[in-house]
Each structure stands twice: as structure tokens, then as C-alpha cells.
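Here we start with a single chain on its own, the form predicted on its own, put down as C-alpha cells.
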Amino acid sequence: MDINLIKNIFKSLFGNELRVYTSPGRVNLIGEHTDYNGGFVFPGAIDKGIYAAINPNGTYKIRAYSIDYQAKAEFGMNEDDAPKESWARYIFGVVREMQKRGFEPKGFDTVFAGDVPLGAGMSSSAALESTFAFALNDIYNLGIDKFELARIGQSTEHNYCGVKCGIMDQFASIFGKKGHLMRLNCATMEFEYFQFDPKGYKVVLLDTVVKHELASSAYNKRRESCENACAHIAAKHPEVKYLSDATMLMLEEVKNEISQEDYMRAKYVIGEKQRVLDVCAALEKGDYETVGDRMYGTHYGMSKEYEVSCDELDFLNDIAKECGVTGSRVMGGGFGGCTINLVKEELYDKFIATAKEKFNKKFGHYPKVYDVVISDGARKLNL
């Protein structure tokens, strides 16, 4: 990312005083659609994110310029000041959520840009929220702990952007640690770092360049399915607070009480919880074959049970199998975006070439290729 470009545009719009903050996007090795079901996720921050130059302006107004959208917005900090621009609502939402918690950030000027691909399942929105939550906490010495910064980002999505997301994306963006993945229990917020340096393997994302819109009814509808299945199970098993607390036996007990669609959604979530635990155990032994097998299992579940895949993602997953790739699956919310692939180094070049050629032949364009580097979370940059 060209930090100098951000600084120069800021100086031309708002003056020379500024500080620069960044927060990363994320990948998730396994554990998809489990976060809002109280299950485990296994994400890591990446070396692509949002970068923002910020400076207090001594008012109660926010003046923001998005380099990526080449658009400017100015808005106040009260509820009825909400901006129309969707990108500006993320910034506004962070400020409002801080205020709801009793904190008092003041007005500021900002210029920001990102190199996290939009709509590719790498959580550019969480990176944007986390950048501003971390920055305002630092600039105004608000004393908000990291967990609450992540929750502020999540609440922004819920209340200002129309997405009932879980906590994983914001958590990964705030807590990321170079060279490590994180296993997070989304029910208790307990987490553990796992060193991730797979010798002889590469992690690569293949982007279908099909854009998804998570605020669509499809995402929220799946969450409703899970909540409905959980409610029926909890009526018989009061100890079940989240769907991830349930077992397959419990789900079978209520199979005739819920729709087939709700049953299939719940079956995926309960299976995914176990796959995450299997991957954690396998990583501690350096058993990447098991890691890869569970990744393929997740893709099957997301495609056939949770039904959040698409033709392009399924096609890339099939090519990965044909090329002997160790593990491959759709990553992120689905409905487009990327596959994440665990590839032996000696197979990497052939896999990428084959995937690009066959995908282009079928869909008329090439997938984008992103090599993954696991990096640090939200921070202030020392200029």
C-alpha cells in the first residue's frame, strides 16, 4: 500500500498534522458460519488491509475521503447524522457504538484506502471498522480493551450496515499475530494462538471475482435457520445455549419438528465445530493431510448443506482435487469470493496454471491469485 499517497492526499485536503493506522483483512483456515453459532473459528490476519491517515479537527464533525471510491463525506456524530454513503456508515457506526458505551470520541479528518480485495471474503469491512476503532481509542485515550474494540466493529455491522455477522472478522483484525492462527471460542471469547508455518506448503487464495453482498437476505436467512434449530433443541436440552453446543443426536431428535432446510443448515454447523477441533489437533502434529481433508469436508458442507457456494467456487474446488491439492474450500461468507488452498510447493505452479486456464475457458475470465502471508493485527504505524 502506498502510504505516501494517503499522506499526500490528506495534507492537500486537511493539513500536515496526521497519524496513520492500519488493520488487516483476514483468512480463515476452517470454521465458517460457526462464529454466530457459538462455535470455534480458526482465522489469521493477513498482510493486506485498510490504512487511514487521521487527525482530530476540534469539532464534532467527521470529514472523510475514500481514495478507493474517490468520494468525500462529511457528517455529524448524532444518530440522525448517519451518512448516505455505505462506506461512510462503517466509520459513523464505530463512532456511534463508542458513544453508546459511554465513550466520547470527538470529530476528526481522515483519508483512507485499502489493498484488501473488496467482496473476496477477506473482510475488508472488518478491517475498516477495526482501523477506526483502534485509532480513535488511541487518539482520544479512551481505554477500551481489544475485545470491546472487536465488539464495537461487530455492532457497527449489525446496527448500521444490515449484517448480523459474528465476531470472527473483527477479532482477527484486532488480535492478529504474525506467523500465527488463532482458535477462538465465539461463545466464551477464549482464544489461543497456534504457530502456522507449514514447511513445504503454500497457502493461496483463488478469487472467482464473483462479488457477494453479505447484507443480502441469504446470509441473514441462514442465521435464522440456525437459531430456529437451536431453539427446538434447547426446548429438550436447556443446557444448549448455541447451536454449536448441540450434538448430531440432539439434532436428530428434532428433525421432524423443523424444516429440511433448517435441518441441513444445523447439520453443517455441528459438523464444522468438530472439523475445527480436528484441524487444531492435526496442526500440533504437523499432519497437513488431515488439515486438508477437513478443508474439503468444509467445502462439501458449505456447498451441499449450508448452500452458500456457487458454480465458480465449486469448479475451483474440483480443480484443486484433480491437481492433488492437499486442501481446498470456499472461504468467507460464500456466494462468491475466494477458495483457500493448502498446496504442496512442488504442485503450486501447475495448480495455478491449470486453475487459471480451465476457469477462463469455462467462465470467460481468469481468477485472481493471492498468496497469503499471516501478519499482525490493528496498530499505529511509526512513520
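In case it trips you up, residue 1 is the first one in the sequence shown, and so on. Since the structure is predicted, the reported quantities are computational estimates derived from the model, not experimental observations.
This next part talks about the form predicted together with a small molecule, which is not shown.
Proximity of residue 36 to the small molecule in the predicted complex: non-hydrogen atoms within 4.5 Å are present.
Taking non-hydrogen atoms only, residue 333 approaches the small molecule to within 4.5 angstroms in the predicted complex. Put simply, residue 31 is close to the small molecule in the predicted complex: some heavy atom of it is within 4.5 Å. Interface membership of residue 292, defined by any non-hydrogen atom within 4.5 Å of the small molecule in the predicted complex, is ruled out. Stretch 162-170 is the answer when you ask which of 284-292, 240-248, 162-170, 194-202 has residues with heavy atoms within 4.5 Å of the small molecule in the predicted complex. Proximity to the small molecule in the predicted complex, taken as a non-hydrogen atom within 4.5 angstroms, holds for one residue of 92, 296, 263, 219, which is 219.
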